[in-house]
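Single chain ahead, by itself, as structure tokens, in the form predicted alone.
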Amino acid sequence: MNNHQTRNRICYTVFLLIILLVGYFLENLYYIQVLTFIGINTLLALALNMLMGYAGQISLGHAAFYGIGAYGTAILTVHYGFSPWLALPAAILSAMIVAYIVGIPTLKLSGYYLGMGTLGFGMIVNILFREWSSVTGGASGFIGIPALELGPISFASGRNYFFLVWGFVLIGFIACQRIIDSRIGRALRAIHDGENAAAAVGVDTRQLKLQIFVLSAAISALAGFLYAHLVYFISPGSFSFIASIRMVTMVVIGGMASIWGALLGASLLTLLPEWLHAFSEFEMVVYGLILMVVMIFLPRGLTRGLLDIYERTRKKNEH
């Protein structure tokens, strides 16, 4: 086992211990709820980071897959009486199929054109959620989503749901880390640095981009499933263009091509509305300013930016 693998195991062990300690000893249910939302947003940031940070593919419509996961489980459990645990793989599979179909033509684009293509897809899906009222509830929203249960264990309580969400986050981190450290991860970074150069050395760029797009959609749909069964009510506004921009902001702020950056970005962007209630009408302006400041002063994101500052300070002290 090399140093990198050892360090990762230590990090994930410490992360697991923190989850257990917080879950068992934190008594305030409001704080537990906020931390649960941070976990769901971490999954969203992780999903988009795999696509943007490692593969270098821009997506401005990723909230559509988040919505497919949420509406998929809502429709199957409420309209057709499915168990939520059976609705989970069905919702994820639906998002993956849609991502595959959309990704074939869309991922032929690059740069701003890819961003516009994914933006259009996201808007179409959001309009579908809003207008197909007989199935989705329309603009009024979808109510009656059941709580999750597993035998005698109910996930209606905040503590149990906290452990469920963060358990999925830990699994997502480990799975994505394995991909990043594998041959596929090296190929993804090659595509990010230069797609033509990667293709020239034998990387099947078209197939790999499509695969990571589908994986990203699956993780986003999982987050949508968890969100729907946490709040029991969903509406198109939760999966709008602003939601996609919020996901991009999480990735950029936390640091692209960083697993832990997804956690940091999701934490900040989840807590920010709690601190800035007075500026809720200027949400897009606030996100835009945050992006500008981070891109100017910490272009590699907070995670890598803070590590760079630490390294410079350490080397300066050594001299």
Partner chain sequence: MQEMLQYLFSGITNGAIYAVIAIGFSMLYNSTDLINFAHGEFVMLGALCMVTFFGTLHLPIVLAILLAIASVAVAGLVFERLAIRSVKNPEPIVLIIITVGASIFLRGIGMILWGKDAHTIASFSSHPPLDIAGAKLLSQSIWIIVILLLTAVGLQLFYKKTLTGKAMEANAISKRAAWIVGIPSKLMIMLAFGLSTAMGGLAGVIIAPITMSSYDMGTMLGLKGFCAAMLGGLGSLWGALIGGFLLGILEAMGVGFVSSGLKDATAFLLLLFILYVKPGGIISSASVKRF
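Positions refer to the first chain, counted from 1. Quantities reported herein were computed from a predicted structural model and do not represent experimental measurements. So that the term is clear: the rigid core is the largest set of C-alpha atoms that superpose within 1.5 Å between two forms.
This protein has a second form, the form predicted together with the partner chain, left out of what is shown; the following refers to that one.
Note which of 141, 146, 167, 115 lies within 4.5 Å of the partner chain in the predicted bound form, where distance is taken over heavy atoms; exactly one does.
-> Exactly one residue meets the criterion: 115.
Among the candidate residues 257, 264, 58, 35, which is the single one with a non-hydrogen atom no more than 4.5 Å from the partner chain in the predicted bound form?
-> Of 257, 264, 58, 35, the residue with a heavy atom within 4.5 Å of the partner chain in the predicted bound form is 58.
Tell me, please, which stretch of 265-273, 290-298, 38-46, 65-73 lies within 4.5 angstroms of the partner chain in the predicted bound form when heavy atoms are compared?
-> This holds for exactly one stretch, 290-298.
Would residue 127 show up as a contact with the partner chain in the predicted bound form if we use heavy atoms at 4.5 Å?
-> Heavy-atom contact with the partner chain at 4.5 Å: present for residue 127.
Answer yes if any heavy atom of residue 229 is within 4.5 Å of a heavy atom of the partner chain in the predicted bound form; otherwise answer no.
-> Heavy-atom contact with the partner chain at 4.5 Å: absent for residue 229.
Indicate whether residue 156 is a 4.5 Å heavy atom neighbour of the partner chain in the predicted bound form.
-> Answer no; every heavy atom of residue 156 is more than 4.5 Å from the partner chain in the predicted bound form.
Does the 4.5 Å heavy atom contact test between residue 162 and the partner chain in the predicted bound form come out positive?
-> No, residue 162 stays farther than 4.5 Å from the partner chain in the predicted bound form.
Within 4.5 Å of the partner chain in the predicted bound form, which residues of 237-254 have a heavy atom? Give them in sequence order, or say none.
-> In sequence order, 241, 242, 245, 248, 252 come within 4.5 Å of the partner.
Answer yes if the Cα of residue 11 shifts by 2 angstroms or more between the shown form and the other one on a rigid-core superposition, and no otherwise.
-> No, shifts by less than 2 Å.
Take the rigid core as the frame of reference and indicate whether the C-alpha of residue 296 shifts by 2 Å or more between the shown form and the other one.
-> Yes, shifts by 2 Å or more.
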